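As structure tokens, one chain now follows by itself in the form predicted on its own.
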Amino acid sequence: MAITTFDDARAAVRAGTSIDDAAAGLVASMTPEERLWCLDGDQPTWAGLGSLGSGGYHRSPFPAAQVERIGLDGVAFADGPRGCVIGNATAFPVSMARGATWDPDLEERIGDAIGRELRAAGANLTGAVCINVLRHPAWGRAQETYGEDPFLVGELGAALTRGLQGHVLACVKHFACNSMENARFTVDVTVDEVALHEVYLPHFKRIVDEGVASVMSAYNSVNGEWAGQSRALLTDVLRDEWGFEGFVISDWIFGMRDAATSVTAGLDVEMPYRMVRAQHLPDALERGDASWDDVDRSVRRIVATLLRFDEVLSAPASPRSILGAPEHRALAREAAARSVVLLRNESVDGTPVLPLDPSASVAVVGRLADRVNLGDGGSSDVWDLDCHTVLDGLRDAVGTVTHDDGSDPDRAASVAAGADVALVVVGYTFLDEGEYIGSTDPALTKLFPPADDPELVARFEAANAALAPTEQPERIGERPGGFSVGGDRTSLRLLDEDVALIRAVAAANPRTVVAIQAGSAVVMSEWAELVPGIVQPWYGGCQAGPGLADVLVGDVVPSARLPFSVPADESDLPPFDRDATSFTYDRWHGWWHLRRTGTAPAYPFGFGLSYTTFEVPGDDVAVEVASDGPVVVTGTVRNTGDRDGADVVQVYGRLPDTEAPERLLGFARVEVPAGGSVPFRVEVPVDRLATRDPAAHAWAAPKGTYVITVARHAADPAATERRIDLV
């Protein structure tokens, strides 16, 4: 049958034609202009930028590859690491907070909720799956990923992908080696093949294996080529080695530099505007710098992906009223509570400072205590209108609450002295860390077209006029001009005024608890010993206050674990230069770097306290290697306390090569009743122990003696070791 419309292609697939053949048939029927149209965003550059700067990012998705004549709906992109950015949707805790739950099942449920809201808002593609490894906690967008370990990051990202792709296409980003913010448009990252494949790519492969629909390239350069036009990344690794079948989009605006190079390298869609390719690709095709085969290949990938997900995308969308639905807010509160890491809980007068007695009087102190603090103000920002602060949460949870904004430490100390317990809320905001839109290389302006197509502008403005209204939250009006401020942190320590406030309140009230709002690690060596209680509730989303209160009063027993290491001092970490033009990434960062240098962290990777206590008896731990299957690790978790709770069992592996970093191989979150014991089982596919052979440009099968460690965190003194031999 002739395939001249998307409906024809859909029917052909249902009749038994392969998806690739149906896509090729449709592309063959398209005009040259239609095929070129599919290779970039559908919006005009200058008009689009004007809309972007006036809230357009939150009003409607960004379309691409929409060809009305053949019924090709294309894609409609909206972001979503912490919720749908279109409309007034539910703001979930940031990804790093959810990484602290070590709970893929919870993350999949969050993905399902975000996916439903995205579809209801008109999107069918989302960049919610941000999985760049946290190489250094100063990275401004640390909050948008899940942690410093590629295995943990990959498992949480795969779970989010599963949840999202019940409703929309998921796009994983930013591919690859993107973990510097201020220099993201200029830095060239040098990385050898072993570090690239063992540290900076395995989590991306995990998401590709999960069946993700799309990949977004990074802004930065890798080994001398911009990631958005790197054949080594986009074709040699992503497609030839991994077998990725979806389509690749660029990061926004400056995500690629050369029209022909990007097409031949394997970038399928320039987003979000008709910009570099619209100006230069036709001439490049005339010169032979790119071919129509390159063009058709990219268009086929887009069409084939839409056909593969046709059943999902053809299903009815939820009504727009699902944005901020009660069940999603309940899930946001669950996630906010489950993500709170209890770092310190010392006894005062013989009793741990936490949990609080609900009848206690509590002084809530600090500039952030009564502030909606959702984190980054850039592309991940969610315009949720129903957000609850820490002060809101405590007022609903305990008997008496007094509040002081902390601007005068002496006054705050006086308020704290009159309460049973003092809660000091400190940390950062979008002013301190987040996506950076600041000064860039002036040469980048040459990428912009001289003017927009007037007809395209007219269509764009008409579409904007027909959009459903989106209410801007009052808090947005407090921000400085520009899309975002943030950027990479200049220090890992709290602001001086926060430290002064902690010291003053701790001196006035011996039962002082500090709550840290931040996207990653905070060095706290100059004040941590002064207080008996420390929690890290992150940027906790719309239910940040109630979720934290649930933990503080003991309605939820803390079970979160750090998704990164907290150093005792900044000098304990590898170097970080936020203005670098070139930088080398190796295999050593985070808990691996600390282990290699013999440096004790303030709080190790995987660490977190509870209101109960656990042990993993060494005598119960067994490690077996199936002849044709995984390494199976089994044992028992005992709850040795008087509260029900959940522990996270972590399985690490030490390789025969003593110069190779140890690896997190698996984990299991285990719910255990008070005084009870629950078995655990962690299956580790043997290929997780493989190493990269740079000479063969391939993986070397595991061989030799491996040390398998079962622990409750990366520095657990009670860890149990077992040796296995692989031949």
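All residue numbers are counted from 1 along the displayed sequence. If you're wondering where the values come from, they're calculated on a predicted model, not measured in any experiment.
A second form of this protein, the form predicted together with beta-D-glucopyranose (BGC), is not displayed here; the remarks below concern that form.
- For the options R277, R511, H589, H174, the residue carrying a heavy atom within 4.5 angstroms of beta-D-glucopyranose (BGC) in the predicted complex is H174.
- Only one of S379, S298, N639, Q229 comes within 4.5 Å of beta-D-glucopyranose (BGC) in the predicted complex through a heavy atom, and that residue is S379.
- Contact annotation: beta-D-glucopyranose (BGC) lies within 4.5 Å of heavy atoms from the stretch 250-258 in the predicted complex, the single such stretch among 250-258, 453-461, 147-155, 417-425.
- The three marked residues, E334, R561 and F667, fail to reach beta-D-glucopyranose (BGC) in the predicted complex, with no heavy atom of any inside 4.5 Å.
- Contact annotation for A76: none of its heavy atoms lies within 4.5 Å of beta-D-glucopyranose (BGC) in the predicted complex.
- For the chain shown alone, Y57 is a contact residue for beta-D-glucopyranose (BGC) in the predicted complex, at least one non-hydrogen atom being within 4.5 angstroms.
- By the criterion of a heavy atom within 4.5 Å, R184 is counted among the residues contacting beta-D-glucopyranose (BGC) in the predicted complex.
- Using a 4.5 angstroms threshold between heavy atoms, E435 counts as touching beta-D-glucopyranose (BGC) in the predicted complex.
- Counting a residue when any of its non-hydrogen atoms is within 4.5 Å of beta-D-glucopyranose (BGC) in the predicted complex, the one hit in 131-170 is R141.
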